[in-house]
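So this first bit is one chain, no partners, the form predicted alone, shown in structure tokens.
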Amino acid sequence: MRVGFIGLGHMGGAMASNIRAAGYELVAYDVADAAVEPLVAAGATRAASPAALAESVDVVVTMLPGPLQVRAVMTGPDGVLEHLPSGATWIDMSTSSPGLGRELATTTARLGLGQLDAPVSGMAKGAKAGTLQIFVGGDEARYLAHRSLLETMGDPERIFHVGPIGAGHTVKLLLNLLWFDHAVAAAEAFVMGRLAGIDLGVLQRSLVASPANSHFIEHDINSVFEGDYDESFAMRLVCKDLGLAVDMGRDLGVPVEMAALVEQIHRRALATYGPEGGEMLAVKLLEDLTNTPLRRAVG
């Protein structure tokens, strides 16, 4: 199986590296030439364009910023889909729109191609370690045929087939929405606790032992306590994902009032700290508004 990989950012570069390390023939493309260099050094082939990449592979994996980039790379006369050989498979691992995936499925079917959406969770460290969670939408038989490829990038125990085309993107958007909900709620709880005189460590241990525990409270907020807001995932992408989740809710007729508020809080963080700031800057926003930094005492 010859694999093409398009999109070699914080996540994609590490994911492609793991595919190559597993022994697959790899063809790589990114708009930033420098992002391809480490893979070429590891034995991958550099593609001159997405279309040229498509012509030489059995599977193409995309890991792009969002729906606009996915559409631009995949469609049109110079797009990937028109250049893939019949029977090939496109696996979109971007966090993208379920609607776009379903729309493009009509094109892949017409061209005799397979399609899976397989967005991931686990941050850059999970991409490097090959321990990502992967949520797969599409035909189950095609998913099973490509499971070994997915296992080069993800934890086999946390790779899930979640339904038809679009289902993977849906689950990922819901996961992100809940995680960023938790970030805002945890920020409020810890800032109030700090202002009320409760030691941060004591408060965290108490919440972890309670029904109010979450992965964010138990694990993720620890980096904030050290002044790290996780720049491996940029705030511009956070706001893109939250916007997609809110749009999906509206399309489904759900009054997503909390989701809309959480999106606006993160857009305020983006306006305050910039689009490349870290994904947990909504916590810093409340720290700064209340002049209450959440830092554990040293020693």
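Computed from a predicted model, the values in this text were never measured in an experiment. Residue positions are given as counts along the sequence shown, with the first one as 1.
Not pictured, yet referred to below: the form predicted in complex with ligand NAD.
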### Query
Which of V27, V256, L270, L64 has a heavy atom within 4.5 Å of ligand NAD in the predicted bound form?
L64
### Candidate from Q264, T45, Q69, S56 lying within 4.5 Å of ligand NAD in the predicted bound form - any heavy atom
Q69
### Task
Can you work out whether ligand NAD is within 4.5 angstroms of a heavy atom in all three of A185, F190 and L294 in the predicted bound form?
no
### Task
Look at the stretches 117 to 125, 198 to 206, 148 to 156, 82 to 90 and give the one with heavy atoms within 4.5 Å of ligand NAD in the predicted bound form.
117 to 125
### Interface membership of G7, ligand NAD in the predicted bound form, 4.5 Å heavy atom rule
yes
### Query
Taking heavy atoms and a 4.5 Å cut-off, does M11 contact ligand NAD in the predicted bound form?
yes
### Contact label in the predicted bound form: R250 to ligand NAD, heavy atom within 4.5 Å
no
### Query
Within a 4.5 Å heavy atom cut-off, is A51 in contact with ligand NAD in the predicted bound form?
no
### Query
Can you name the residues of 240 to 271 that have a heavy atom within 4.5 Å of ligand NAD in the predicted bound form?
K240, D241
